[in-house]
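This document starts with one chain, in the form predicted alone, laid out as structure tokens.
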């Protein structure tokens, strides 16, 4: 288990002191894939590098398997770091060495015998599907192949933890998909805890079980990925979620909210699992005699679970609409009343973006 307790990191810049991390705490469980997302400058890469002390925090504690990393002397720290692999955005391969030698390098530095190195490299190159590239030099590889070499190298010393710093941001969408599938295999087959830093919500949705959202050196939201997607609380989280589920009412439909003379409400319905396909609107219309109009609809898969989101205009008597909302109960979708002025503001933000 990884525990970061009240981590603070400051840098001195030409403009003064910068708080890259400000009292950050989180816990990452053994064997999970954990995501850290944020915009550029949020502090997410600095936080990741605090785990293996490539960045030493100014305050706080870094515990890996209940061992305080900051208390370790040089030799013990080097041994602990060997159990923490790292995958980089720009691959960080040595262009003058073959694929075989790049993967072998961490083991040579650790003093592993040559015959064990040979066996391990061959196994890892087979795992990342690059056995035929052992004698190839990195400049002759594609971006995806370079990242596969980077992953093989990170696995060389049998790590317990794999840190991925924007590991897919330099790759095209198809290659990104293949690298994420590979990381899932690493997690599933070796039981390695993986921490992924990214600015891409698609990466979080694909592979992560839990996620922390960072802004200005702080964690502003944290939880299960499905919960964060279904019920984002902070404005920055909603902006990230909207890169996948853009639940803003399309501007051409906004005049419909002004045309109705009777009482109306705008609902956001969120459904998880098989209930996402239930005919909830037709059931409510039949039982309560209300009229509904769908302004936005989406069904997507988030980490293997189905998430459905509807924005609905509901028309009827106020008391009837309230009874309809309450009738859904705990087993149905979550219904949240929307503020029409906020909807208009969201449209404006979308146009500005």
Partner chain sequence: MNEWILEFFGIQPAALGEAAVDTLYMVGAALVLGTILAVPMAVGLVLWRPDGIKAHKLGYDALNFFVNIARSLPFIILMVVLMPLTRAIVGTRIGTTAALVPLTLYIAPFIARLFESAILDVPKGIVEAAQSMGASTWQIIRHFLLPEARPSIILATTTGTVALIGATAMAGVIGAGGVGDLALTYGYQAFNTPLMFLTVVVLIIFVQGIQSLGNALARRARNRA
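Positions refer to the first chain, counted from 1. Just so it is clear, the structure is predicted and the values come from calculations on it, not from any experiment.
Quick note: we don't show the form predicted in complex with its partner chain, though the next part is all about it.
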Answer option from 95, 278, 119, 177, heavy atom within 4.5 Å of its partner chain in the predicted complex: 95
Proximity to its partner chain in the predicted complex, single hit among 105, 230, 72, 125 (heavy atom within 4.5 Å): 105
is_contact(residue 67, its partner chain) in the predicted complex, heavy atom dist at most 4.5 Å: no
Contact label in the predicted complex: residue 303 to its partner chain, heavy atom within 4.5 Å: no
4.5 angstroms heavy atom contact with its partner chain in the predicted complex for residue 206: no
Contact of residue 292 with its partner chain in the predicted complex (heavy atom, 4.5 Å): no
Stretch in contact, per heavy atom within 4.5 angstroms of its partner chain in the predicted complex, of 50-58, 319-327, 292-300, 32-40: 50-58
In the predicted complex: members of 119-135 within 4.5 Å of its partner chain, any heavy atom: none
